[in-house]
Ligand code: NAP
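For reference, the chain that follows is the form predicted on its own, supplied as structure tokens.
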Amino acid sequence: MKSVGFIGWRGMVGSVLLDRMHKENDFVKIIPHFFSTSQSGKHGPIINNVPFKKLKDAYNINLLKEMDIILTCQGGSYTNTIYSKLRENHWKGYWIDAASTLRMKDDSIIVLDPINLKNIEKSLNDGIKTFVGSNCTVSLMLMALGGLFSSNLIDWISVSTYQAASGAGAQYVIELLKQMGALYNIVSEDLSNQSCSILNITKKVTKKIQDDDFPLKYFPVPLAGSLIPWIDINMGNGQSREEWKGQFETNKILGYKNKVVIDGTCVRISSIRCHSQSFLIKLNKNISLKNIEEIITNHNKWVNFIPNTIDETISKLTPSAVTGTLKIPVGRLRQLSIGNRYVSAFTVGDQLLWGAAEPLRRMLNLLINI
């Protein structure tokens, strides 16, 4: 069995990964080793009802070199510090990474096996050793629209994303909940007073959001009761890096040379978990909605088509309906009035599962079965 080193297993993505591995009984297939950047020597997780007694130093190159596979959810700064040192010290093992640092490198493959298994298998035969998870919205888009991509039906996509606070990390979720609590506390008595004006209540909420003492340690501006129409850095042309990833990561996953144009606006919203996306899709030929539905539905076993009705949409196409599941519902499918080849669609997916942990878990299983 292969020795697998885990780094960053306490974070949101790492915790979801370990939970999935427990559920799928993956740990019986490997010899796990747990590393820490700050608590080496202390107790680790419980694996198969057995406590992992001593965490290893995640910065110890000699210990890391003993691993056949390293899987890290620690973040880009750790990858920047360790990855090149390992390779310079002639480590020949497999590196699996949740961070974006190595995604676009020529000697790495972005992994999403229901979409690009053939590319992954070819890369393994070619000696590639570095495998990186995709951007969360890119993974969820490809899982939802994989049938249209594999059938070469897409000319371009304009997308608007609605991304949960947890996409930014655990501290951001905590801060959002603190913001929600602060807003409730300021009007809790008014809410129980039926004679209190809703206008006065909303004025109090607005004033609290704008107060200097509103919880804002991590978010640059308030999210509760609001939204943030910018995610990640400016690419210099008015496009955010999160928006840039849509086209360039998608084309790399599919093995294209910028064949499909994808752009849009990425927005942070105040949901806790799950990213939603609204697509305007330009098809390259006329095709009926029924055929589009069949192509989408038949692509993979996780996608779930939602009829474009009010009841089905509001009950099944929301973050609250999808959180904690591997389901990828796709709905709101319709032809647009601007032309027969223009269709809209809407999808929701748990960005901590298919958007992050699950592709890494599945890549690990591909490697341990080599």
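Worth saying up front: this structure is predicted, and the values here are computed from it rather than measured. Start at 1 and count along the sequence shown; that's the residue number.
Just so you know, the form predicted in complex with this ligand exists too; it's not on screen, but the next bit is about it.
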Proximity of A99 to this ligand in the predicted bound form, heavy atoms at 4.5 Å: yes
Any non-hydrogen atom of R103 within 4.5 angstroms of this ligand in the predicted bound form: yes
Heavy atom of G225 within 4.5 Å of this ligand in the predicted bound form: no
Any non-hydrogen atom of C136 within 4.5 angstroms of this ligand in the predicted bound form: yes
Single option in L145, I115, C73, C266 placed near this ligand in the predicted bound form, where near means a heavy atom within 4.5 Å: C73
In the predicted bound form, segment of 150-158, 257-265, 186-194, 74-82 with a heavy atom within 4.5 Å of this ligand: 74-82
Contacts with this ligand in the predicted bound form, stretch 19-39 (heavy atom within 4.5 Å): S36, T37, S38
